[in-house]
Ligand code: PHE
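Given as structure tokens, the chain that follows is alone and in the form predicted on its own.
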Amino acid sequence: MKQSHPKGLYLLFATEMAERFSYYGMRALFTLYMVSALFTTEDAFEIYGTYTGLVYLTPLIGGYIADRYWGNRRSIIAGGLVMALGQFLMFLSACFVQNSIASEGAAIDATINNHLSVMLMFTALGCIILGNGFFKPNISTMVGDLYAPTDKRKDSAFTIFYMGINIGAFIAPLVCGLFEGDFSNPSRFRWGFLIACIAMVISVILFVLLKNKYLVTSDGEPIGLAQSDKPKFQQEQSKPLTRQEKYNICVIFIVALFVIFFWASYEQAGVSLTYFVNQQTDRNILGWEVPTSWFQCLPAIFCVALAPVMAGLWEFLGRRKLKNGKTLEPTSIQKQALGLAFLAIGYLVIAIGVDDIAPGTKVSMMWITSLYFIHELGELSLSPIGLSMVNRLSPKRFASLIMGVWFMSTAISNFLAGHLATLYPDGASEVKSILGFQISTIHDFFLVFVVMSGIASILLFAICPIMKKMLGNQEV
């Protein structure tokens, strides 16, 4: 009989779902809010990249503090409250904003007229960045801690947990997008930010009320406690790393390096792809124009729909044996290389769709829909598998810290994503370039990600045998 998952998994599922609703609800509006009232498009893209980069950099600090001092539980509560404060400050920022940009592309320095709104916005971002550092790595670590190290249910547990992330990401743009403002009414964004704040508060309340009841191992031992509550764990933490643990960490670092190229391309969803949808996608359905932010629901919809399919595929391949006794199922590292390949294919499809179109011409929404569908095949091959891999390979005494290191690759990715987004052609005659690659059209812009993701995929596939030797007999 198939063993069911512990109830604690579903508490973490619900907590993370509410937190991701908060994050993605704000993210769906953030770039549009800045462009409509505060900054030029290029400056807004740079700020977005810096913000999302720092959001995934601070988990390194939060993971260290949790491992050494606070524990997972206290870190999650503290991080959630600080993030809720940040979302509320975003609400205040939009409350005080003035309509200083009359139309898209206007060369008005709106920051002068909206000094208070800008200050509140940057303070809000600081709170969200800091709070996420304590929340993100610790809740992911607790998923793995519900299970024994050799428990075969871990991969499926992280897939279920990942569905919670995407359900939150799906609902958020739909709800917050109803309060999408524009160039003539940027203050309307405030209601979407307030809803994001409320969702974050709900996440913390849910966790506080139910953590003691459900966050325990199969033996009834509580997980996520502070180090001061676990004297034996403190002694364990001082032990030096074994040779195999060093190899394991090295493999995590190598894969994390390649993951940078995945997320740098994937995270265009919040910047250049949002702008592409807003400006060059025909969003008209029977006379009704679909809100731009609603298109950010598509990745989450496809993720939730495809997760059981992908999980079933891996299980099917795992049962099929070759003559040498090996299964057809790819290793965790090969799956992540496959994720990069899907990403390259997605950008190739949309590059074909926009080839030879004139600036300002709008294309069918099926092109962006196709891209998001293919990208979700890639995300499901890479992200939940990566979380499970990190949890299995990390020394238990450094679990949250190593998870923070894993998220640091996402931080670098987001910095890079914001910079790459500035290469998006703005309709001017200026030709932009990167590493000698000339970008004068949207087609050229998308090809950058085809090349970047494709090369990373090939290289990661090529070094898989080396990393397999480093891992020895461990099943990864």
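Quick caveat, the model's predicted, so the values are computed rather than measured. All residue numbers are counted from 1 along the displayed sequence.
The discussion below concerns the form predicted together with this ligand, not included here.
Asks: Decide yes or no: are Lys136, Tyr162 and Ser383 jointly within 4.5 Å of this ligand in the predicted bound form, with each residue judged by its heavy atoms?
Replies: So, yes: the whole triplet contacts this ligand.
Asks: This ligand isn't shown here, but in the predicted bound form which of Trp70, Phe445, Tyr56, Phe30 has a heavy atom within 4.5 Å of it?
Replies: Residue within 4.5 Å of the partner: Tyr56.
Asks: Which of Phe407, Tyr48, Phe449, Phe39 has a heavy atom within 4.5 Å of this ligand in the predicted bound form?
Replies: Contact with this ligand in the predicted bound form is made by Phe407 alone.
Asks: Would you classify Tyr24 as touching this ligand in the predicted bound form, given a 4.5 Å non-hydrogen atom cut-off?
Replies: Answer yes; at least one heavy atom of Tyr24 falls within 4.5 Å of this ligand in the predicted bound form.
Asks: Find out whether any non-hydrogen atom of Phe276 is located within 4.5 angstroms of this ligand in the predicted bound form, and reply yes or no.
Replies: Because no heavy atom of Phe276 falls inside 4.5 Å of this ligand in the predicted bound form, the answer is no.
Asks: With the partner left out here, check for me: in the predicted bound form, does some heavy atom of Phe295 sit within 4.5 Å of this ligand?
Replies: Because no heavy atom of Phe295 falls inside 4.5 Å of this ligand in the predicted bound form, the answer is no.
Asks: So in the predicted bound form, does any heavy atom of Phe170 sit within 4.5 Å of this ligand?
Replies: Result no; Phe170 lies far from this ligand in the predicted bound form.
Asks: In the predicted bound form, which of the stretches 31 to 39, 60 to 68, 407 to 415, 432 to 440 has residues with heavy atoms within 4.5 Å of this ligand?
Replies: After filtering at 4.5 Å, what remains is 407 to 415.
Asks: Using a 4.5 Å cut-off on heavy atoms, what residues in 263 to 280 are near this ligand in the predicted bound form?
Replies: Heavy-atom contacts to this ligand in the predicted bound form: only Trp263.
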